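Here's a solo chain for you in structure tokens, the form predicted on its own.
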Amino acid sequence: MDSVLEVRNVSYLYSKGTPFERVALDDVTVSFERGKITGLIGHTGSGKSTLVGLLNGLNKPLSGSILLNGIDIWQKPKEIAKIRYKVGLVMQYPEYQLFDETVERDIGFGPRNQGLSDEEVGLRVKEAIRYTGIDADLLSKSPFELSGGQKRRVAIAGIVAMQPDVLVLDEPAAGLDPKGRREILGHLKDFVSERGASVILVSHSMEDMAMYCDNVVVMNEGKIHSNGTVSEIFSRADELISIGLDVPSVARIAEKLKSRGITLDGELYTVDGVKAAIRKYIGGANNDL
């Protein structure tokens, strides 16, 4: 496996040394593959938000290490800010972080801070709006004139424009309708395939995980519960349900059919996958008649 970002034996405490001390991460080890979209799921308090805050150096592990392209990100603590250009983090509701006069200037803020020329910044902005589905006509507008979904895309484009090796998205489509979710998430695969970058997608939507991710990491009580391809993780729907997580609706249907003696075979976590499995099952049943 070609890992771009590795978490090795990382632990983290909140309120260390006080009566309120709480273990947030307990000896966590996990790798994120280069050129893949990895979903990160877990219920509230599972440790996923804490892990996200460690990936680009917002916080420092109590023990263990975070490796980017094989190098500990805390090897040179005074240069930790440079890591944030390479591991770009888009927090939940990033539209509240917009501030510049125009969409173009807002998206170009990061590249300008990287010391790039005006020409290079312009090229980065054009590329970023393509990856995030932003209409070029919006570049001259104030970001505060845009709709909620458009603002969200502008905020994401600002991180994409820095050309990070890893893009971490914390609930990027929270609060949006299905159309808005597709507009935000639908371009991720282009960004990954064309730039060879990696995306870590944090979401409560199991449908988003099934539709857009290659791999899924499941967290529970500060530990890695499971880690595998989308198919491997969602084929164990009963395990996810047992730790309080949801699964794609179609996966629940497949589980109910299984409980009634109808075992389907295939990708049982997307609508198309379940349709194909049912057709295959019916066809096989007819062949037996």
Partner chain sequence: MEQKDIFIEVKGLCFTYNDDAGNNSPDASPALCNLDLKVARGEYVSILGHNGSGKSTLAKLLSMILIPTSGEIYIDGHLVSSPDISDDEIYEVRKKIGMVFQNPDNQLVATVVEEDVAFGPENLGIEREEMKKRITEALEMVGMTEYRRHAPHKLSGGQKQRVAIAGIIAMLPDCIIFDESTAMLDPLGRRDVIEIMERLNKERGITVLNITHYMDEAARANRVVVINDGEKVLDGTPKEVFSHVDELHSMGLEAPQGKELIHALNKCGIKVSDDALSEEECVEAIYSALIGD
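Residue numbers count along the first chain shown, from 1. Heads up, when I say rigid core I mean the largest set of C-alphas that superpose within 1.5 Å between the two forms. Note that the coordinates shown come from a computational prediction; the quantities given were computed from them, not determined experimentally.
The same protein also exists as the form predicted in complex with the partner chain; that form is not shown, yet it is the one meant from here on.
- Heavy atoms of no residue among K189, V192 and G266 are located within 4.5 Å of the partner chain in the predicted complex.
- In short, of 64 to 72, 254 to 262, 29 to 37, 228 to 236 it is 254 to 262 that has heavy atoms within 4.5 Å of the partner chain in the predicted complex.
- Only one of L176, L116, L146, L139 lies close to the partner chain in the predicted complex, with a heavy atom inside 4.5 Å, and it is L176.
- Put simply, I278 is close to the partner chain in the predicted complex: some heavy atom of it is within 4.5 Å.
- Within this chain, V274 lines the site of the partner chain in the predicted complex, having a heavy atom no more than 4.5 Å away.
- In the predicted complex, the partner chain lies farther than 4.5 Å from every heavy atom of E127.
- Taking non-hydrogen atoms only, M206 approaches the partner chain to within 4.5 angstroms in the predicted complex.
- For the stretch 241 to 261, the set of residues having any non-hydrogen atom within 4.5 angstroms of the partner chain in the predicted complex comprises I241, G244, L245, D246, P248, S249, V250, R252, I253, K256, L257, R260, in sequence order.
- Relative to the superposed core, D26 undergoes a C-alpha shift smaller than 2 Å between the shown form and the other one.
- Superposed on the core, the two forms differ at K275: its CA moves 2 Å or more between the shown form and the other one.
- Once both forms are fitted on their rigid core, the CA atom of A254 lies 2 Å or more apart between the shown form and the other one.
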